[in-house]
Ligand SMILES: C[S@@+](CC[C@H](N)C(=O)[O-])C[C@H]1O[C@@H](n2cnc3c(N)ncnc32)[C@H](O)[C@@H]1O
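The chain below stands alone, shown as structure tokens; this is the form predicted on its own.
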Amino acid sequence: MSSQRRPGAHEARAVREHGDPLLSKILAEALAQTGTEARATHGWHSYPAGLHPDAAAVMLDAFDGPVHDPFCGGGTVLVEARLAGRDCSGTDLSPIATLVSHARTAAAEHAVAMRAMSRHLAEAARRRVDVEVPELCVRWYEPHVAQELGRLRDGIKAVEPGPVQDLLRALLSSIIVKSSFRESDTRNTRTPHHRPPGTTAILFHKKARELARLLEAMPPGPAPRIRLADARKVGPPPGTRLVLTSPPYPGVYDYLPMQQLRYAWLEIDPSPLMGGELGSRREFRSKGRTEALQHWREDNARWIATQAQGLSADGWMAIVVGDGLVGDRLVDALQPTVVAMQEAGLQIVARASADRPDHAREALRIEHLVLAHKP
């Protein structure tokens, strides 16, 4: 299986270890991972602020048994668990997250049908038949690009519901930002550029071939159990021995609005989910630092308690958490997380901390990996 590393994630500086010497060394190794890892399906669909794949691999190698990620995002932990032949599960509040996670860990048996259908859809998308374009999306695309995306959307809707249609929806999701004027997944800046007619459909088929090849190269293993669910209310499946996750950092991102183009094209209404997002930047802006921070602390304690309750006795919980950011002021996420783990009946055994350069603000932000044991 090929592995490609490209510069990307900010390097870890001055990694510090606390607690059990052996376990803190493992945590430090995981936290020190940097760069962009394109092993397996990790690089196939962009997804912001995910746990580093090598960090997940280090942790999975150190702790055995079924693993659960309550903030699975794009599926980093789930992909690594699949590669390691581990029983795994994940939840997320975002339908885009669960769509991408399912696609990145899909069974290879669906790859052939998905690839063949994508070719048919790409050919149809290049025919000049006018279709409806979501109003929100008009300013973000050249007209002919929007039309090709609309034809792909309509063609996918006509496919029989099931695993192949889900993979095709994930394929469409993978090119929505790339073919737009949006600068990136995390930057909403409009940067117009020209994409020749027909190339959006070609890109769709290219991504299908890439995904099929990657899925066929994945080792066989148990399919992850992935659910659209709120981590404050839904815990891990029975028998889970490791909860490994990286929840949203307070005040840093608005994860749900960040996906607005994908929600529009995939015809998903995110409004029922907006109030459930943890520590969103918009909440800190609308409620003010004090009230929003208190709300985040309460939500943080709720999800940790729920996951700890479902964790097997003698199991482990590992949380990657970093400083939040509100305006120019940092938000300490470590102390509330440690307190919440202890109040949930867990015993903190080790921690590693690293300085991450924030080049945009010419400052350092601290990231932590906290490990707790359930007696």
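Source: prediction; values computed, not measured. Residue numbers run from 1 along the displayed sequence.
One more form of this protein should be noted, the form predicted in complex with the named molecule, which is absent from this view; the next part is about it.
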Does any heavy atom of Cys72 come within 4.5 Å of a heavy atom of the named molecule in the predicted bound form? yes
Give a yes or no for Gly50: in the predicted bound form, does one of its heavy atoms lie within 4.5 Å of a heavy atom belonging to the named molecule? yes
My question is simply whether Gly150 lines the interface with the named molecule in the predicted bound form - judged by any non-hydrogen atom within 4.5 Å. no
With a cut-off of 4.5 Å between heavy atoms, is Pro248 one of the residues that contacts the named molecule in the predicted bound form? yes
To verify the annotation, which of these, Ser179, Ser94, Ser174, Asn300, has a non-hydrogen atom within 4.5 Å of the named molecule in the predicted bound form? Ser94
Heavy atom within 4.5 Å of the named molecule in the predicted bound form - residue from Glu210, Glu142, Asp230, Glu283: Asp230
Counting only non-hydrogen atoms, choose the one of 284-292, 153-161, 200-208, 254-262 that falls within 4.5 Å of the named molecule in the predicted bound form. 254-262
For the stretch 272-289, I need every residue with any heavy atom inside 4.5 Å of the named molecule in the predicted bound form, listed N to C. Gly276, Glu277, Leu278
